[in-house]
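In the form predicted alone, a lone chain appears below as structure tokens.
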């Protein structure tokens, strides 16, 4: 049986594949460490290299062995999720020699502002301040115990935690409305916000109390026929409640 001639495209494809394989082998030999893949998808030599580095951090458990009173207070506070060394720095040396090696004790405002300076990207409800107007020049620890940072007095305004929303609302047509005009807020929300959430409007009729043509509100309030305007959709599909004129 006569075998036909191998097509040229097959030969060219074979040459490309062989050349690619050679290149890959050369690249692996030049750039991939010899120990790569011995114990997993990583360079095995890195494990003893990391293990040889000096230990700098002790961990919260080591801190609690001596500072059990502070650890107990912190465990039930808003800062319970923070490690001790997040504020006091690496403390392995302090654990080894508590007298000679003392951890840092933040005394200024900078450490607290790393988390609590106003930043719009932070989660809503996270306590934030504008540093220049919140007790300027005063140390945070003067009012807040770092291990139990609950404010000495319950914040009187929602903006203490909802800074981003408050800033948006302050330049909108809803600037004069108190937050509790729309949000029924239990008093305990100010003491334990996550356990006692405020209520939010769920029906378009709520907005109609002010914005329906038949509503008894100020003449300057924009009015619509709630029976026709927007159909069955809730108002906040088009109008952001904290900046209602910013959407169309």
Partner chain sequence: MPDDRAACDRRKFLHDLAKLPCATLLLGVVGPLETLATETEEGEEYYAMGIQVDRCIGCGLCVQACKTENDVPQEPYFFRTWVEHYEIHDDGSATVESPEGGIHGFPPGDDDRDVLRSFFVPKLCNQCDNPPCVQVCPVGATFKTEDGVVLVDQDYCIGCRYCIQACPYGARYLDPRTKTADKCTFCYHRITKGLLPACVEVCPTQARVFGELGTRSSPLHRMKRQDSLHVLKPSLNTEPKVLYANLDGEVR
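Just so we're on the same page, rigid core means the largest C-alpha set that superposes within 1.5 Å between forms. Computed from a predicted model, the values in this text were never measured in an experiment. Numbering follows the first chain given and starts at 1.
Keep in mind that the form predicted in complex with the partner chain is missing from the display, and what follows is about it.
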Listed range touching the partner chain, judged in the predicted bound form by heavy atoms within 4.5 Å, from 47 to 55, 195 to 203, 181 to 189, 64 to 72:
47 to 55
Do residue 85 and the partner chain come within 4.5 Å of each other in the predicted bound form, heavy atoms counted?
yes
Within a 4.5 Å heavy atom cut-off, is residue 122 in contact with the partner chain in the predicted bound form?
yes
Can you tell me if residue 148 lies within 4.5 angstroms of the partner chain in the predicted bound form, counting non-hydrogen atoms only?
no
Residue contact check: residue 39 to the partner chain in the predicted bound form, 4.5 Å heavy atom:
yes
What is the one choice in 81, 142, 156, 152 with a heavy atom within 4.5 Å of the partner chain in the predicted bound form?
81
Taking 2 Å as the cut-off, check whether the CA of residue 69 shifts that much or more between this form and the one not shown after a rigid core fit.
no
Core-aligned, is the CA shift for residue 43 between this form and the one not shown 2 angstroms or more?
yes
Quick one: core overlaid, is residue 21 moving 2 Å or more at the Cα between this form and the one not shown?
yes
